[in-house]
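One chain comes next, on its own, written as structure tokens: the form predicted alone.
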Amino acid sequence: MLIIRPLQNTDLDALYKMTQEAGKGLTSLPADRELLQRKINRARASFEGRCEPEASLYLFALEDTDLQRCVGISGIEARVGRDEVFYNYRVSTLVNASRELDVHVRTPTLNLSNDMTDTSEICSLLLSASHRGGGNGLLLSRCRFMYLDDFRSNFSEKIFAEMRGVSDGEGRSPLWDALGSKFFDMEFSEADVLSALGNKSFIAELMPKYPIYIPMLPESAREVIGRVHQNTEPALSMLQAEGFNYNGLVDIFDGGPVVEAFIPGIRTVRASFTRPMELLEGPASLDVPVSERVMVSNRAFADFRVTTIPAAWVTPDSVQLPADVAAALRVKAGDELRLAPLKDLSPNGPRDEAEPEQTKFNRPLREE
């Protein structure tokens, strides 16, 4: 069985191994044991209410209960830009015109921005290669929206995600090589790690405050602005299906796009519903196709747990769980649980919904 639960100290070794497998360029989860331990400590303090809600970091582990091992992670940063200034580039257009010469020129530019300050960020999505497919990535990503739904007062109404930008097998970024490296005497990977550690003051001290004229950059750099790393395409696809759209901002290091949505408009939130739990007697099989599964959460703040069950276990009046699933979720008969479709809408759910709006990304994306 696969269960979403809060990240624990015992997950450090498995998490470190996953970050090593992910390679360079995963900003929020570099392969650094000390940094990962600090993140776990902060997450534990957040779930246990030992830090202010605005300063919290909620990290969720995907545990394979058969292996008794963490095989994935995802997270929510309650607010960004409170202690350290949060930077992006806004892709803008500068217009110059001369009536006398009959010239009208539109020039795309990059402008340093702090627009996402005090906004909640979904982050740190990483799934072990051994568990990709079968809807596991969907569960790992979408469980966060169930948490946001039940504990909205801890987050901003607008939610965003920074997507990993284009880099090569050695972790080199075309945008960094063409732009960032001209102002910072360090490699892309070093700047990325410093940023992940929270040491972002160097950005304000060294980055130019004036607009960067995109046409003056080499073609290799221009091509990657607003594009995602090929390994990130499935994650972007999932967020687009949830209603997230490109907001015109990109990462200052690798040019990866920033996508955003408002909590009430997120597909999982709109499609979710609650049911009281009843104990299901007799044998019950969890082995059904992804399209016939629904997510179910225990709605607990400190011990949040989510798994997937067959949609057939959901009735108009209740959700029926066998004893082993109820024990894994740490719920009992009568508890009010939240449910949401894993992929397609459950026939037992509430109203139908419209398809999410088309995004501004025009490239083909891989489905999970």
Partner chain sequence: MWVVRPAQPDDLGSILQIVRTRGRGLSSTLPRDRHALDERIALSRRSFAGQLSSEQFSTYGNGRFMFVLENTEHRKICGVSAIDSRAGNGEPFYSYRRDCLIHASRELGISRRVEVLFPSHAITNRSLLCGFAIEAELVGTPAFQLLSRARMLFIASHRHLFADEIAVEIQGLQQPDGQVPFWDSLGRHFFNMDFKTADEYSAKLSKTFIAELMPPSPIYLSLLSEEAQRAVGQAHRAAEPACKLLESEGFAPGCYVDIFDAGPVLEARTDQLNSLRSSRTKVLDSNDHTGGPDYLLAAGDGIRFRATLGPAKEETGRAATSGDARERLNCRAGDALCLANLIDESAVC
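What you see is a predicted model, and the numbers here were worked out from it, not measured in a lab. Positions refer to the first chain, counted from 1. What we label the rigid core is the largest C-alpha set whose atoms superpose within 1.5 Å from one form to the other.
Here the subject shifts to the form predicted in complex with the partner chain, a form of this protein not shown in this document.
Interface residue among 279, 290, 284, 94, judged by heavy atoms within 4.5 Å of the partner chain in the model of the complex: 94. Contact with the partner chain in the model of the complex, judged by any heavy atom within 4.5 Å, is made by just one of 274, 231, 117, 181: 181. Partner proximity in the model of the complex, defined as non-hydrogen atoms within 4.5 angstroms of the partner chain, places exactly one of 140-148, 242-250, 80-88, 215-223 at the interface: 215-223. Within this chain, residue 203 lines the site of the partner chain in the model of the complex, having a heavy atom no more than 4.5 Å away. Contact annotation for residue 208: at least one heavy atom lies within 4.5 Å of the partner chain in the model of the complex.
Residue contact check for residue 107: one or more of its heavy atoms lie within 4.5 Å of the partner chain in the model of the complex. For the chain shown alone, residue 98 is a contact residue for the partner chain in the model of the complex, at least one non-hydrogen atom being within 4.5 angstroms. Positional change of residue 100 between this form and the one not shown reaches 2 Å or more at the C-alpha, relative to the superposed core.
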